[in-house]
Each structure stands twice: as structure tokens, then as C-alpha cells.
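Okay, so here's just one chain, in C-alpha cells, the form predicted alone.
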Amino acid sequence: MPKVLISDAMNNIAQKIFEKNNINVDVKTGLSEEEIIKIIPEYNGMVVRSATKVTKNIIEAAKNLKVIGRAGAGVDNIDVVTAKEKNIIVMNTPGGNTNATAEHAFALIMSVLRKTPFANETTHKGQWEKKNIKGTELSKKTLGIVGFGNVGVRLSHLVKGFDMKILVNSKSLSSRKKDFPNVNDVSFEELISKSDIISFHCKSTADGKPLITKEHYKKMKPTAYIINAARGNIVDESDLNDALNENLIAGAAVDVFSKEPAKENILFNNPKAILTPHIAASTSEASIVVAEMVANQISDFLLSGKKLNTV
């Protein structure tokens, strides 16, 4: 009988699906790399979210592991190269948290434009800062979306009622342009220079270098805003901090960081930055969907060899 380890907290529907399929399942969260290495030889499958780092050492110790499932889209926390070398299948659940992530990006946009966190904090303190809080309207602005996969597409749908011009920089858009007549396919340089809001929804670069640097900020509108709910290393945090302090751009809202959990970061306490702790995909609805998807995919693979959403 196959055996699966769930090493991150997730909706218990995943456990129920494995049990329904007569697959043994253990839920052991918060384990260190050393603790996982000790027990991983027992398992044929492993399920993670973003907390567990499935390192080369863990994979090399996993003598019986056949599949690693990520309850979510990004697999940055899994050493995919080593997994492939060991003939271990890596699966994710694309689309499972698309709406949640896009809605959070939209919430970040509205929060930074209307200075909502500052307004909330000061009002709770009895400081009536009405005269010092002047927001910016989203309507009729230009939104630049970098990366046009599931989340980028969903965000473009969410802003339809705001009469916005949407610029997109994506390698795959040209082949799908007929499906999205209301967006404009442009170069990265054109997008950053013309957009009022730039929202990142792309993968990290192969070499891990940031997509946007100090020189890019100099080409942007001083009234522009950066939104990053994609990957932490897409935006160089030091350069972003400098751009905010030097008034090269108006503000930023960030949900992902170069090092997580972010216990310290150069952006901390910057009044022009809104920061959230990687919660874009954290909704009740999305947690159920991704847990259900990953459990069904791993069950199908272990029981019948069916491969779905492999990376």
C-alpha cells in the first residue's frame, strides 16, 4: 500500500482523499530538513505547500519517493533538477489559487492607491488624518501586467469595470492574442515607461536575477506603483527601497520576499510600501481547491501511473 507524507499545513480534504483511496498518509508539519531526511525513506509520495523546502539532501535520502506534489503553482521550494535526476515526478496545481492571488493583487493595488493601511492605522489611534490622506483613482489608468498566465489573465478581468488600458509583457501572448482583444502586447521597456501600475505575475528568471532594477525605475512615471505578488526575487528590494526614497516612483505593494519568512527586510517601515506575508493564495476557498487537486493527482499517479500537471 502506498504511503504519503503531508509536511505542510493544508485543508484536511487532502488526507481524506488519500484515505478514501486506501493510501496511508501521515501529516507531520513543521519538520526540519534533518527530521524529514530521517523519515522520508518510508514514503512513496510527499505533499508540500510553500513552507517545506524539498532540498537536494531530502530528495537523495528519499529512496522510495516517486512523486512530490505542490499544493499551489510555484515550485521554487522544490529542487526540481535533483528530483528529475532521481526520476521523481514533481506536480503542482496550476489554477487552484488563481482567483485568490489575482484578487489579492487587486486588493494591494487599491490599498496602495487609497493609502488604506495608513488610514486604518491612524484612525484606530484616534488620529483624524483626513487632510493628510489623498488617494489616487484607479479608473482610466494604465495597468501593466508582466506575465500573462492564469493570474495575469484573471487580474485583467477583475479590472474591466475601471475603463483601464492594459499593457501586457508576455512571451506567450502573441499566440493567444485573438482571445484577449482588450490587452496590448508590448515590450518590457514600453510597459514600465507607460504604466501607472505595474503588477508582476511571472516566473523568476532562470539565473535568479531581478527583472526590474534601479535603471528601470528611472524610466518609470514618478506617479507609478509596483505590485509584486509573484516571486520575491523578481524585484530587487534594495533598488525598490531606493526608488521609493528617491521619489522615482510613488509606492509599492509586496506580498513576496527574497527571503521568507521575512523577519527583517530593507522595505520594513518604508511608509510608501505596503507589505503582506505571502498571503495572496491564502483563502478558505483556494486552500480547499489546491488540497483536493494535489491529493487526487498524487493518488492517480501512485495507483494508476497517471501524470497530471507535472513540471
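Just count from 1 along the sequence shown to find any residue number. Just so we're clear, the structure is a prediction, and the values are computed from it rather than from any experiment.
Omitted here: the form predicted together with a small molecule. The next part is about that form.
At the 4.5 Å threshold, heavy atoms of A73 reach the small molecule in the predicted bound form. Among residues of the shown chain, K272 is not one whose heavy atoms approach the small molecule to within 4.5 Å in the predicted bound form.
Contact check for N97: a non-hydrogen atom falls within 4.5 Å of the small molecule in the predicted bound form.
At the 4.5 Å threshold, heavy atoms of R49 reach the small molecule in the predicted bound form. Listed residues H216, R154, R231, K221 were compared with the small molecule in the predicted bound form; R231 is the one with a heavy atom within 4.5 Å. Out of the listed residues A281, V67, A252, A62, A281 is the one that sits within 4.5 Å of the small molecule in the predicted bound form by at least one heavy atom. Contact with the small molecule in the predicted bound form, judged as any non-hydrogen atom within 4.5 angstroms, is confined among 73-81, 132-140, 175-183, 195-203 to 73-81.
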